[in-house]
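Heads up, the chain below is alone and in the form predicted on its own; it's given as structure tokens.
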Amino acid sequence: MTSTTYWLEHSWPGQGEVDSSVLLEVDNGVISKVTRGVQAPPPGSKVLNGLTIPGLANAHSHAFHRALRGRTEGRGASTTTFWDWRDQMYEVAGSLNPDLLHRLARATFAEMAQAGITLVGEFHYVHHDVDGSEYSNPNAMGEALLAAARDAGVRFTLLDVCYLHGGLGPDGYDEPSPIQRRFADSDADAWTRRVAALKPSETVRVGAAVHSVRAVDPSSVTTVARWADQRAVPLHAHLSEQEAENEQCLAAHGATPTQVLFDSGAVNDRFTAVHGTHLSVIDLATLGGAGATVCLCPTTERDLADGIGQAGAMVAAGAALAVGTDSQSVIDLFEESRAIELDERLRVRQRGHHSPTALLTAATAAGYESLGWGKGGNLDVGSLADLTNLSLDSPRLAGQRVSDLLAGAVFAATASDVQHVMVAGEMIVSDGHHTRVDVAAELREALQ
């Protein structure tokens, strides 16, 4: 790949303030040179007007949930709880096959790219055929997701989920229900054997996930955590999303879900807790002391009436924050990021908990770190050449002072303001349109 130079009208490199008139040189998918104070675009350079920021990282995605958008709303008492919503999600999961999952995920990942997302962490648990039997290729569904990410041009971490049990009841772990058999391997060792066959590539990596303490027993969590430790890959888990989850875990194990995961060896600086909506003070100290990350998904957490997590307390305890789109009710990381602050304002009725810089870091560098791409999320020499460019011509951002651009982007921008998106030095979105995928057409086809 030849070297390409970009002149950035305004840019935020991942820390500090917004700068203007920056020259960025990209060589073989990596930023090789940064020159500030270049007042006019040099001959041969490509101009990116507006505000350029590091690429956005979606740290928690279920691509197939895109089919649920609008389907679970407006049904009155039949959808009042998370558990009601889950039944409808299971219906969609039961309809999937590798070809349909590939087409739906390809369109969904391309929609993410158009929203400025350059890295996706896919929390993947639909592994097997409808009756729970393995496909002739045990990783047919996972490989469909890998292919979809490559087709859409996004960087990708497949977080392959260990899922063994149907739930946690008063008498211990339940057997998987008929639909849950699609998700479940026979045991944790079978999970390790299957996942070992998944192959990473230049823009694709494989990490580990524990679905939840409801679906994976402590000894099996230890097996998954050991597998992740040996390979130094990320380990993610749904954690304390529902109060019922905490109550069931306390009844069965005499400990919170966080403590069960910690005692099983899962919680360290490569661990990401997803949601963390109902964490105790001790849970917060445990996650923060380990240097773990908490991935908040506010649009999903409010859609499912989960509650509002204690984001300020998480940061105070030492945990990093990342964000995800989760159920795809909305694909917009600007909305996810600002919701961390805005939801906290509603919870405690006070403003000013998280700075614009901290919120955008959650959507960029912290997400990259959470997904095992430590060299991403910055516009510095040696960083991955992943970037997102916002137009300043929309009613949302027009007229912003340079000193207010970062705050304006975090608190007012939407996915519709994304103009150009680069991954590994390749422009996969240009003038707001995906360069490979007709996103709306492919979504219509897949969803029908």
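Each residue number is its position in the shown sequence, starting from 1. The shown structure was predicted, so the numbers you read here are calculated from the model rather than taken from an experiment.
Although it is not shown, the form predicted together with a further copy of the same chain is what the next lines describe.
Trainee: Report yes if any heavy atom of Ala424 sits within 4.5 Å of a heavy atom of a further copy of the same chain in the predicted complex; otherwise report no.
Mentor: No - in the predicted complex, heavy atoms of Ala424 and a further copy of the same chain never come within 4.5 Å of each other.
Trainee: Within 4.5 Å, heavy atoms only: does Asp27 come near a further copy of the same chain in the predicted complex?
Mentor: No, Asp27 stays farther than 4.5 Å from a further copy of the same chain in the predicted complex.
Trainee: Does a further copy of the same chain get within 4.5 angstroms of any non-hydrogen atom of His253 in the predicted complex?
Mentor: The answer is no: His253 has no heavy atom within 4.5 Å of a further copy of the same chain.
Trainee: Do Gln350 and a further copy of the same chain come within 4.5 Å of each other in the predicted complex, heavy atoms counted?
Mentor: Output for Gln350 is yes: heavy atoms within 4.5 Å of a further copy of the same chain.
Trainee: Counting non-hydrogen atoms within 4.5 angstroms of a further copy of the same chain in the predicted complex, say which of Thr203, Ser264, Thr72, Asn246 makes the cut.
Mentor: Filtering the options by heavy-atom distance leaves Thr72.
Trainee: Identify, from the list Ala285, Ile179, Leu96, Val330, the residue with a heavy atom within 4.5 Å of a further copy of the same chain in the predicted complex.
Mentor: Selected option: Val330.
Trainee: Out of 49-57, 375-383, 63-71, 31-39, where are the residues with a heavy atom within 4.5 Å of a further copy of the same chain in the predicted complex?
Mentor: Correct option: 63-71.
Trainee: Flag this candidate site as yes only if His128, Pro257 and Glu336 all have a heavy atom within 4.5 Å of a further copy of the same chain in the predicted complex; otherwise mark no.
Mentor: Per the other structure, none of His128, Pro257 and Glu336 touch a further copy of the same chain.
Trainee: Where, within 433-448, is there a heavy atom within 4.5 Å of a further copy of the same chain in the predicted complex? Residue list please.
Mentor: Val439, Ala440, Leu443, Arg444, Leu447 sit within 4.5 Å of the partner.
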